[in-house]
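As structure tokens, one chain now follows by itself in the form predicted alone.
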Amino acid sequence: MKFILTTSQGIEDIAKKEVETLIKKIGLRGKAEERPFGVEGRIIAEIEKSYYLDEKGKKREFEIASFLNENSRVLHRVILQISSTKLSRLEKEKVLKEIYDFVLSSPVEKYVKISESFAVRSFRKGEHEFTSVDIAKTVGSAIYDKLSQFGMPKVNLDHPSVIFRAEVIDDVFFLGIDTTGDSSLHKRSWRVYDHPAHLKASIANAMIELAELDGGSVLDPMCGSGTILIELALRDYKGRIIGIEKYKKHLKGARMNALAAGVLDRIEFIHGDATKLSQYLESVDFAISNLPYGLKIGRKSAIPELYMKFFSELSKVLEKRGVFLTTEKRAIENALEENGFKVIHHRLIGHGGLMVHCYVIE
């Protein structure tokens, strides 16, 4: 079975590793490939089918898609792949005709019963003369025409039994069955308080992986609505988990989120200023944070001073490693160098329509 797995751009390697670990844990054979056709934010996983006997002794197929949806921390969607191809770089009508013909020749009838309703959800990224609506209409027409050979197809755009996912990313076309549904996996059910610039849970987990935690204490010095701390606690992390937040409104929201996630008793929340860290903590092993930056802080001119003061304080308490996210490359690198930190890893991650810098420091 082949799956198209989606995640944030820049953390494909972490998603690949997670999927391979999950598959191995349940004794299945499989392999994953990052960036198929060079497409960022996508992984192709090929996993063997597996079966088990239910309580009545009947042979059942193990639902790999459900397993990944329920257990992944960094994926956004689990799509059962039907087919994929590279498109010709032609004008609008010819490309749409090419997509129509390709879908018509794909075995879509294997994935939906004639008694089931279907809908198409589309996604487009890149420079094209057509829209995502054009893609949905074209793919929907092809599927309808193909299924019409076997009976009367049922279309239900609001509550379909089967969701076909059609993606055009630059010159690559993916077609599959979206097993995740209309809500991406990164949208956690525990988020009852929505910070205006909250971090995607998938990226929070990628940062946790990059920190290579060993059971020591973990601090988010500017914790906002608590995403990193909550995701860490949900992993049943045994070390001390601490969050500091300057604004009472966000701190209250973080507590609400932690309560909704069932981990409030695992996190120590402190109302305080990250530029005065040493007033609250003598030492901490790890620090992980989505730092305030241009769009988040309001006054971009205040960032260099904020970062300099913060990393000066962090240098007094950090024992091992830190992982930080920001768009402000010059400001953070100046502050790190000035305060004696070494960058051991750097990457760009797609978040909120921006490519943000992720630094791992010691």
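In case it trips you up, residue 1 is the first one in the sequence shown, and so on. Since this is a predicted model, take the numbers as computed values, not measurements.
The same protein has a further form, the form predicted together with a small molecule, not shown here; the description that follows concerns it.
**Student:** In the predicted complex, does each residue in the set I82, K113 and P160 place a non-hydrogen atom within 4.5 angstroms of the small molecule?
**Tutor:** No residue of the spot touches the small molecule in the predicted complex.
**Student:** Within 4.5 Å of the small molecule in the predicted complex, counting heavy atoms only, one of 161 to 169, 114 to 122, 242 to 250, 128 to 136 shows up; tell me which.
**Tutor:** Looking at the other structure, the answer is 242 to 250.
**Student:** Taking 4.5 angstroms as the cut-off for heavy atoms, does C223 touch the small molecule in the predicted complex?
**Tutor:** C223: yes, in contact with the small molecule in the predicted complex.
**Student:** Please tell me whether any heavy atom belonging to T227 falls inside 4.5 Å of a heavy atom of the small molecule, as the geometry stands in the predicted complex.
**Tutor:** Output for T227 is yes: heavy atoms within 4.5 Å of the small molecule.
**Student:** Just checking whether R73 would be counted as a contact of the small molecule in the predicted complex - the rule being heavy atoms within 4.5 angstroms.
**Tutor:** No, R73 sits far enough from the small molecule in the predicted complex that none of its heavy atoms falls within 4.5 Å.
**Student:** Within a 4.5 Å heavy atom cut-off, is I47 in contact with the small molecule in the predicted complex?
**Tutor:** Result no; I47 lies far from the small molecule in the predicted complex.
**Student:** Within 4.5 Å of the small molecule in the predicted complex, heavy atoms considered, which of L68, V323, L306, L336?
**Tutor:** In short, L306.
**Student:** Pick from L213, V263, A274, V95: which has a non-hydrogen atom within 4.5 Å of the small molecule in the predicted complex?
**Tutor:** Contact with the small molecule in the predicted complex is made by A274 alone.
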